[in-house]
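Starting off, we have a lone chain in the form predicted on its own, written out as structure tokens.
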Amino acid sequence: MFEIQAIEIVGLVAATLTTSSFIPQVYKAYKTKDVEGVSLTMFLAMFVGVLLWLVYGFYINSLSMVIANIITSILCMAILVLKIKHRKKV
């Protein structure tokens, strides 16, 4: 299904770095339940964008794009769920 080329290693390293950058935010939001500083609009836009990148990754047959965007979409979804669950009621 996926053809691994040498350049795909660069993509996998980039995907690891960019995807893992979401982990501290998810961890902090989960532990503290403080999501006041998290922008719902930004994460909704990010989530939709990541899903589109995922479709594109499948289309161009890029393993690094598919893996990164599956994981990133899960992390974005976690932030969105925490934001909605722990938002302050006005």
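Start at 1 with the first residue shown and count on from there. Because the structure is a prediction, the values reported are computed rather than measured. The term rigid core refers to the most C-alpha atoms you can superpose between the two forms while keeping them within 1.5 Å.
Note that the form predicted together with another copy of the chain isn't included here; everything after this is about it.
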- prompt: Heavy atoms within 4.5 Å of another copy of the chain in the model of the complex: does residue 7 have any?
  reply: yes
field: Partner contact for residue 15 in the model of the complex: another copy of the chain, 4.5 angstroms, heavy atom
entry: yes
- request: Verify the contact flag for residue 63: yes if a non-hydrogen atom of it lies within 4.5 Å of a non-hydrogen atom of another copy of the chain in the model of the complex, no if not.
  value: no
- prompt: Does residue 83 reach another copy of the chain in the model of the complex if we count a contact as any heavy atom within 4.5 Å?
  reply: yes
message: If you apply a 4.5 angstroms heavy atom cut-off, which residues in 43-62 are near another copy of the chain in the model of the complex?
response: 43, 45, 46, 48, 49, 50, 52, 53, 55, 56, 59
field: Core fit, then residue 12 C-alpha moves 2 Å or more between this form and the one not shown
entry: yes
